[in-house]
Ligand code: OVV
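In structure tokens, one chain follows: the form predicted on its own.
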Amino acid sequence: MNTVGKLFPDLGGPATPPPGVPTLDADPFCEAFFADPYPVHAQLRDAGPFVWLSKYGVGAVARYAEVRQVLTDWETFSSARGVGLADFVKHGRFRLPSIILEADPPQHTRSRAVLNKALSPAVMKGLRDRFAAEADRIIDELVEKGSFDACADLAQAFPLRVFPDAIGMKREGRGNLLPYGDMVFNSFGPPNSFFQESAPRAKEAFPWVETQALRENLEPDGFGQICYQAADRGEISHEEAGMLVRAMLTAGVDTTVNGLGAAVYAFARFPSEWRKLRENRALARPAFEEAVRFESPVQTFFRTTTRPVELGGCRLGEGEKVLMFLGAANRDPRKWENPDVFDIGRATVGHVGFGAGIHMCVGQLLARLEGEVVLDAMARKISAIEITGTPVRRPNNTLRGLSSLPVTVKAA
């Protein structure tokens, strides 16, 4: 029985790999990996296009080509059986699945159509001025302070100011979104200590989120109401409307928080790139894209095979879990030149930091807008960024980010 099976008897795959598949005993869900995943990423990529993780009894892909193959072939590699280690068919639904992230067509098609309206380019255009003004305000406050925590005071603070306002949420209790998201993304991994420690913190957050997603608790001009308007038209049920609002509360916060933190952390370590952005603020959007590629705030997701398929030269049967290393794919030298260098002039088209295919992150336009306006405001108002304390990682089974990043900035 593998390690996961000792905790949950039916969780995890077979103890022996398919014939001829390279086997590694690496643990991508431990603190040492979270602190520095890159040596293991290289080991996974170099071992072969498809490898076996003996600790969890699952196959994995870490090269760009195979990761993208799995992401874009939803008919063969299903999300509906769970994007975590657990298989909903075999293990039951120990948590509420997302009807967008963990659904395939036709359910996914209905859900995505509604969220595409709620988070459309037109909606984002309407939010731009408001978001940019808020970015100016928060950067002015931080420049005046001089020294601050770039995670708590910027990467977390900005999305928690602008996103709940846009969706139409009340101001009270917004801090609950962070432990809520932490628990959701931890649940996609094994039931380890990170999963177990996040559960008590999320205990109060879950009912709060449920309540905030109700129609009567959303402002009439927020885009959360677009989901309920779709239900009024019969496009989805009213129950599904509430589930989609909850999905947005996850998609619209954590990836943006970690993306903003990644950008500040990268610029502080690559001052020449900061000078490049200050000289050409049109690079704000590409710079955020490069930060997402470089740090990959979402590191891993699982899929489950729906039929026999060949992946990386290995023949898989139906019902087998496959772990995708998005972060490893985003630094695969087979795809990217000098992948371990942060370069805001890089052509990042095709990176998988937001996924790919029909399940590409539904909050990507929102994250990109927030990243762009914050970096633009910083480039106008800050001439230099210096790390003045020890950065602290926030361990999570799916996400890569920091919980603390002490910095000192110099006003432009």
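Under this definition, the rigid core comprises the largest set of C-alpha atoms superposing within 1.5 Å between the forms. Residue numbers run from 1 along the displayed sequence. Bear in mind that the values here come from a model prediction, so they are computed numbers and not experimental data.
One more form of this protein should be noted, the form predicted together with the named molecule, which is absent from this view; the next part is about it.
> In the model of the complex, which of the stretches 178 to 186, 158 to 166, 226 to 234, 123 to 131 has residues with heavy atoms within 4.5 Å of the named molecule?
Every other range fails; the passing one is 178 to 186.
> Check whether S198 has any heavy atom within 4.5 Å of a heavy atom of the named molecule in the model of the complex, and answer yes or no.
Although the named molecule is absent here, S198 would stay clear of it in the model of the complex, with no heavy atoms inside 4.5 Å.
> How about A241: is it within 4.5 Å of the named molecule in the model of the complex, going by heavy atoms?
Looking in the model of the complex, residue contacts with the named molecule do not include A241, since no heavy atom lies within 4.5 Å.
> Can you work out whether A150 and the named molecule are in contact in the model of the complex, taking contact to mean some heavy atom pair no more than 4.5 Å apart?
A150: no, not in contact with the named molecule in the model of the complex.
> With a 4.5 Å heavy atom cut-off, would you call N330 a contact of the named molecule in the model of the complex?
The answer is no: N330 has no heavy atom within 4.5 Å of the named molecule.
> Given that the named molecule is left out here, which of L154, I100, A291, L326 has a heavy atom within 4.5 Å of it in the model of the complex?
Result of the distance check: I100.
> Note which of A213, A247, L119, L316 lies within 4.5 Å of the named molecule in the model of the complex, where distance is taken over heavy atoms; exactly one does.
Going through each option in turn, the one that passes is A247.
> Quick check on F206: with the core superposed, does its CA move 2 angstroms or more between the shown form and the other one?
The answer is yes, as the C-alpha of F206 shifts between the shown form and the other one by 2 Å or more after core alignment.
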